[in-house]
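Below you'll find only one chain, the form predicted alone, shown as structure tokens.
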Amino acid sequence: MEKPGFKIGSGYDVHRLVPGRKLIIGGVNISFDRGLMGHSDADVLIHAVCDAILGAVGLGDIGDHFPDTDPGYKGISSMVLLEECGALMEKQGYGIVNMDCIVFAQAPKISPHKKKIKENIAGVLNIDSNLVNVKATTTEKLGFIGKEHGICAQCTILVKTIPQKI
């Protein structure tokens, strides 16, 4: 049976803001009085991107590949996880057409970091940064995000089959 030419994946992640942790979003260390709680570096955006990639190619989710019960992933950079997800996608015979990401945070402001975040994601996945779109929004002070208790991110990705190298 022939693989579908195009597939869509979506990813979502959320982490609580806590004192004493670095705030890393899209591989960028953002100056803030709190960081995101998690087993790894808790990069909420990269986790959403990983889930979108894995979902698009039918390989489950980030927890299947990098469980938080494995001490080997304690404190690991999520960019390492993203690199592995990119390799898994390519092994399945797919490449990225484009991705659209949203970071939901009341604070800090993400917009000043969007260009660097795009470059980081594109660099790890070895794609043109024009294929990566990063948006940021608040929740107008509503809910746990609006009260600055956490940050979440969402990613939608389109992949297509790539010719296999002989």
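No experiment lies behind these values; they were computed from the predicted model shown. Throughout, we count residues from 1 along the sequence that is shown.
Although not depicted, the form predicted in complex with cytidine-5'-diphosphate (CDP) is the subject of the following passage.
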Contacting member of 44, 62, 132, 105, with respect to cytidine-5'-diphosphate (CDP) in the predicted bound form [4.5 Å, heavy atom]
105
The single option of 57, 125, 117, 110 touching cytidine-5'-diphosphate (CDP) in the predicted bound form, heavy atom within 4.5 Å
110
Does any part of residue 140 reach within 4.5 Å of cytidine-5'-diphosphate (CDP) in the predicted bound form? Heavy atoms only, please.
yes
So in the predicted bound form, does residue 136 come within 4.5 Å of cytidine-5'-diphosphate (CDP), heavy atom to heavy atom?
yes
